[in-house]
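Quick heads-up: it's one chain on its own, the form predicted alone, in structure tokens.
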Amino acid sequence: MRKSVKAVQMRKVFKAVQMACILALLVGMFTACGTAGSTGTTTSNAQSASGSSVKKIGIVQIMEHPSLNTIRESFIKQLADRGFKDGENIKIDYQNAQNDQTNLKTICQKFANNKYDLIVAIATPSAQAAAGETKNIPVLFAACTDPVGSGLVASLDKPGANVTGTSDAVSAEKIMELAKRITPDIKTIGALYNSGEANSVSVVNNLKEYASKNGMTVVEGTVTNTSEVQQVAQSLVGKADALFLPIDNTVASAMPVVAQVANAAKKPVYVGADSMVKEGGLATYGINYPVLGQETANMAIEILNGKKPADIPVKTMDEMDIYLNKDTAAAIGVTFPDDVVKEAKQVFGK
């Protein structure tokens, strides 16, 4: 009898243990299912953050410079104004090469290897580096003066590959026509530029054509880096009545140095960009860079919505404006004609 009771007790204990194991197993299964569901959701969110719904845009800028910074800031603002906001439906990765070609190549390789949805390249060297790293990812350039001559596109109307964008081409002729209104006696023009920048070569060639038709002489002074700018500028002011600086990344970064040299020699400096006037140039008839940034963003949206760069013509800027610096004018003894002042978009200085 005792054995029977003991046996019954043992069976009860066994069943209790068995039930406990079953319950533990069921709990484990539900927990596993819950974990699996949680992991699935996390994966889905990760895909959403890096997949087709959130586009990855790499912005590469050759260097820090007011005009280039304005383009980038205007570009990002226009995207946001049209519903493409960083951190929401797009992810922007901005990188600055600090005017170093090795950095530029590394940045563009990173964008290409990570398969970004769009690469935005500000200034010609950036665009050339980006185009050299990918034939599949859309490359949208901003502020490339001569995209055809730079080898970026086949033509302005039909770019032909994965590259298109906005040109900041300025007219040396129009700048010199403005120069004649301000300082009509100039006959010899000193062109200061980096001969390694295709965009600068294009504008200087335009300057030479204008000079040959108008009985003027162009004296060239070329540099390869910013450390050479001061010496070349000093040489040119001794040979020319005025200096001409195209939109040149190397020279633009040393604009205050050029202004100092030219002011000391009482020579006017005509430039290709509003920021260069702000930093000491006398005048320009040039690009409105906030507008250029906006137009670049509008093109970016077309690409993000599925249009191919090959089917988007390069945008050239029709909106050109006069920019003047009255502090520089005072320093070199020049007075702006009243009609020029009235036409100016902006007059820098006090």
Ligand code: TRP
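Position 1 is the first residue in the sequence shown; the rest follow in order. Nothing here was measured: the structure is a model prediction, and the numbers come from that model.
One more form of this protein should be noted, the form predicted in complex with this ligand, which is absent from this view; the next part is about it.
Partner-contacting position among 67, 294, 288, 61 - heavy atom within 4.5 Å of this ligand in the predicted bound form | Of the listed residues, the single hit is 67.
Contact assignment for this ligand in the predicted bound form, among 236, 143, 163, 262, heavy atom within 4.5 Å = Partner contact (heavy atom, 4.5 Å) among the options: 143.
Should residue 125 be counted as a contact of this ligand in the predicted bound form, where contact means heavy atoms within 4.5 Å?
-> Output for residue 125 is yes: heavy atoms within 4.5 Å of this ligand.
Report whether the minimum heavy atom distance between residue 96 and this ligand in the predicted bound form is within 4.5 Å.
-> Taking the distances in the predicted bound form, the answer for residue 96 is no, it never comes within 4.5 Å of this ligand.
Hey, in the predicted bound form, is residue 130 touching this ligand, heavy atoms inside 4.5 Å?
-> Residue 130 lies outside the contact set for this ligand.
May I ask you to check whether residue 277 falls inside a 4.5 Å heavy atom distance of this ligand in the predicted bound form?
-> The answer is no: residue 277 has no heavy atom within 4.5 Å of this ligand.
Out of the stretches listed (67-75, 205-213, 103-111, 224-232), which one is close to this ligand in the predicted bound form, meaning heavy atoms within 4.5 Å?
-> Among the candidates, contact is made by 67-75.
This ligand in the predicted bound form - contacting residues of 322-350, heavy atom within 4.5 Å = Residues within 4.5 Å: none in this stretch.
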